[in-house]
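Okay, here we've got a single chain as structure tokens, the form predicted on its own, with questions on binding and movement later.
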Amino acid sequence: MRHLGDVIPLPVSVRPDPAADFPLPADVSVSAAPAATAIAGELAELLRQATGFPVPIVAGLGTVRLLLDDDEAKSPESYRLDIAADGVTLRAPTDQGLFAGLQTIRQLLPGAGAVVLPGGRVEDEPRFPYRGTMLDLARHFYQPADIRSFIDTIAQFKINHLHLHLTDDQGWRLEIEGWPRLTEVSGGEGTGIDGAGPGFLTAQQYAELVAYAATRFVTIVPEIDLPGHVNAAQVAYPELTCDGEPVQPRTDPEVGYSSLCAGKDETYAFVEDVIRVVAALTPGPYLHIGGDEALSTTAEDYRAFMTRVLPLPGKYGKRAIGWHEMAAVDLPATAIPQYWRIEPVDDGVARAAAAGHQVIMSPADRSYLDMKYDESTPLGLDWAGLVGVERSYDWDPADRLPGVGEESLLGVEAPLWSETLRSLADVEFMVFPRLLAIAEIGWTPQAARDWTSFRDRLAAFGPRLEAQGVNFHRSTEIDWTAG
């Protein structure tokens, strides 16, 4: 039987009561508030799979009860789980909190044998509201079915944002009304690194993907990378170059050579059209505008470009996120820098935090999931160093950059770039188990985190990842036989 604290990420408060262990009976049922019927259905199906019992959803008081408590003082993701000898009660202020509690129940169910839930109480809420990961579709495209599968897996660990890097030098992966050649030319065959990653999302496919993610309480964060990383756009529309001359497609992994022209009206007509369309397709609050590695853009042009472009997401109802380079300019009040640098050097991020801006922390040497685990890792890069599981876990976002403390952090994100990846299996190998470390950093209070405890809980979770068919890396840092 599982122990009450055998959960990733570790809950805020766990009070075991072995006398209250609950063996699920053959007549186990689920009841829920009307607003939580979808989650009740998911929980009932989960219990059916674990027990083989019918597990009906009943109108009265079920054996397993989902309750909505209106408490505005709590995080919308907070929940309380009570497991007693005669039943289970999961309560939360929102259905989002019930969903988070459902993931805890999922992990507490045994992988095999008699289905007994460990007795006691779990009280839980996240450290940060933003806990994310990123897929790079520009350098290698992943089909919608693969992305949905990925969403299903990450949601189990209370990851609640998926950042999609949709455009770069090697490909453009989202259909934009009025600009058809972006995907016709730069989303087709021969695009991606080595020309091996073609494909794009139609507007309908993207909207369906966003809607699916919402059922898992995952917010999609689209990125249109500007003003650099734009070769694919310029291949499709040569008028976006400064001289109007065509440029050649690029399928190599180099960065920093392309730039939109800050002095052309056509640039801003294009950018506003794209931002308007993407904002309309995305119900979530964020739109990522990139801003990184614009090495072919002068500092003066970068400032001029960003000054005009950064307000555009707000014009269309979104908060702008950008890589930390954008903090070199004056930011709109709601803009969010995303810090990825290895060295803790102030690039204006601390100044932005002092002015009240929230920050997402994504240091490459701790959270970049495309870094090799060790020298023998067959996939990935090593420019930010080797990033094993313990290195992914053993850091504190609030200590990373002077002047950017706990109160300034919106959360953490673990990006995955696709230069060396070719399939969902490759994605899973690089993401798992390191994303579980980032998930715990983002959810669990810093004082409660402990590498030894995490390592043991991760080992115990190995068989579950195997049962789900997840192609995770069997890191030698973990004793997987302990699971």
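In this text the structure is predicted, and so the values were computed from the model without any measurement. Numbers for residues come from their place in the sequence shown, where the first is 1.
One more form of this protein exists, namely the form predicted in complex with a small molecule; it is left out here, but the text below deals with it.
Problem set entry | Candidate spot Y130, D152 and I220, all three touching the small molecule in the predicted bound form (heavy atom, 4.5 Å) | Heavy-atom distance to the small molecule in the predicted bound form: none of the three under 4.5 Å.
Exercise. Of E272, E293, E208, E123, which one comes within 4.5 Å of the small molecule in the predicted bound form, counting heavy atoms only?
Worked result: Here the answer is residue option E293.
Exercise. Of H357, K158, R139, R400, which residue is found within 4.5 angstroms of the small molecule in the predicted bound form when only non-hydrogen atoms are counted?
Worked result: Of H357, K158, R139, R400, the residue with a heavy atom within 4.5 Å of the small molecule in the predicted bound form is R139.
Exercise. Can M371 be called a contact residue for the small molecule in the predicted bound form at 4.5 Å between heavy atoms?
Worked result: The answer is yes: M371 has a heavy atom within 4.5 Å of the small molecule.
Problem set entry | W340 within 4.5 Å of the small molecule in the predicted bound form, heavy atoms | Answer yes; at least one heavy atom of W340 falls within 4.5 Å of the small molecule in the predicted bound form.
Exercise. Hey, in the predicted bound form, does H229 get a heavy atom within 4.5 angstroms of the small molecule?
Worked result: Taking the distances in the predicted bound form, the answer for H229 is yes, it comes within 4.5 Å of the small molecule.
Exercise. Taking the shortest heavy atom distance, is L381 within 4.5 Å of the small molecule in the predicted bound form?
Worked result: L381: contacts the small molecule in the predicted bound form.
For this session: Choose from 39-47, 430-438, 452-460, 417-425 the stretch whose residues reach within 4.5 Å of the small molecule in the predicted bound form, heavy atoms counted.
Result: Partner-contacting stretch among the options: 417-425.
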